[in-house]
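In the form predicted on its own, a lone chain appears below as structure tokens.
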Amino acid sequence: MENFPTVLAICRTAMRSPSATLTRNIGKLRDALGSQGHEDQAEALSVVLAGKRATDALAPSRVVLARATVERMTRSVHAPVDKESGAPLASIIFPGDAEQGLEPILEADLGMAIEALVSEWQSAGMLLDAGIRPPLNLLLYGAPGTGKTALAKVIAAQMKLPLVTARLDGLISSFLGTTARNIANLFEFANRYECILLLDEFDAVAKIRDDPHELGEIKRVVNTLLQCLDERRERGFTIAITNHEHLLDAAIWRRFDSRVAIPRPGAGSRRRMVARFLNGVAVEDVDIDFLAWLTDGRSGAEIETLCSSIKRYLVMNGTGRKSLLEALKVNLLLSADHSDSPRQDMFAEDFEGLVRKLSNDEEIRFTQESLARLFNTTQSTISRWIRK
């Protein structure tokens, strides 16, 4: 059955509050899979149906892969270091150490997909017992500032596992062969413990091997990385992050069971981001809607930077209808990249044209009343601007 691990994870979650109808339908699915020759999948559903007590036993607070002999990581454990410079090859974040309340805001479909993946990871031991290899590695790619690293931290927190974070550009050494050795040492360390290995700036060492701009050393490094990824696929969880997925070697790309693009936020996500980042200052719904509209095409990090600028201005100069517009003008003057945003340019040059644009926007609805409130003018003035 295609996508069975996802179906299994959903069934397992649903059985936390079982009902007669749910149990009957899962039983029908199990019987159908068994009759079609999918005995391993049918057996996995039988385990789910064994009851809440069995389910609890299969879902401990610490995720243990049944076929990997690993140690529990304690705070006395230190990350390996580069033998030439003595610099650590990774940092370790233990469960509970990460900042709370900074979970990335994701599009609804993407959030559901990530939840399904985490559920599969939490059920890894059960899947292995059923003869099903769980997808233990994940590649996150997309533009800078879209929340990839924050998402990896949230996944580690949900798994209640330490996050061993390596910026792969920091593993590169000028000494011949040292980079490959650093990668091997990093994976050997991660394979020894229960943890999630996070490979940040992944494209730094996973580049295409026939790139004419690279020296022969990159082939040695990529081959080492391939070997390490193959070994870890059977031993532990791995997340890799890149802003430049087009630079990755094809063989590296194929090593990942799950490859997830993290896009720039849509209108709804931008609105939630603005509301979060402006928390603590007096703004109205129309202000949040306008800032969500204005930041179309921007990443979450860029939206946070804009909102921080607005908060500073409002705290120092007082709130009010004029203050928000003044704060935006100041930010526009201080932002070197505002020319990349036609909407911000329109805000700076032509309020009347901007009002006409907002009144016709199909993604975020603006009424004449709300536009009058936003631009601190009368509704009749807004109506006149729109008719021009």
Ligand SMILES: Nc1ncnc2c1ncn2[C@@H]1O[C@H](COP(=O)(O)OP(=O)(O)O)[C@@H](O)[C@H]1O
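Computed from a predicted model, the values in this text were never measured in an experiment. All residue numbers are counted from 1 along the displayed sequence.
One more form of this protein, predicted in complex with the ligand, exists but is not displayed; see below.
Chemist: Would you confirm whether the three residues Pro104, Met273 and Glu304 all fall within 4.5 Å of the ligand in the predicted bound form, going by non-hydrogen atoms?
Modeler: Every residue of the candidate spot has a heavy atom within 4.5 Å of the ligand in the predicted bound form.
Chemist: How about Phe277: is it within 4.5 Å of the ligand in the predicted bound form, going by heavy atoms?
Modeler: Close contact exists here: in the predicted bound form, Phe277 approaches the ligand to within 4.5 Å, heavy atoms only.
Chemist: According to a 4.5 angstroms non-hydrogen atom cut-off, is Thr224 in contact with the ligand in the predicted bound form?
Modeler: Close contact is absent here: in the predicted bound form, Thr224 is far from the ligand, nothing within 4.5 Å, heavy atoms only.
Chemist: Are any of the heavy atoms in Gly300 no more than 4.5 Å from a heavy atom of the ligand in the predicted bound form?
Modeler: Taking the distances in the predicted bound form, the answer for Gly300 is yes, it comes within 4.5 Å of the ligand.
Chemist: Going by a heavy atom distance of 4.5 Å, is Pro162 a contact of the ligand in the predicted bound form?
Modeler: Residue-level check for Pro162: no, no contact with the ligand.
Chemist: Scan Thr178, Ser258, Thr149, Ser119 and let me know which has any heavy atom within 4.5 Å of the ligand in the predicted bound form.
Modeler: Contact residue from the list: Thr149.
Chemist: If you check Gly266, Pro144, Pro88, Gly318 against the ligand in the predicted bound form, which one has a heavy atom within 4.5 Å?
Modeler: That would be Pro144.
Chemist: Go through 186-194, 288-296, 104-112, 224-232 and give me the stretch that gets within 4.5 Å of the ligand in the predicted bound form, heavy atoms only.
Modeler: Result of the contact check: 104-112.
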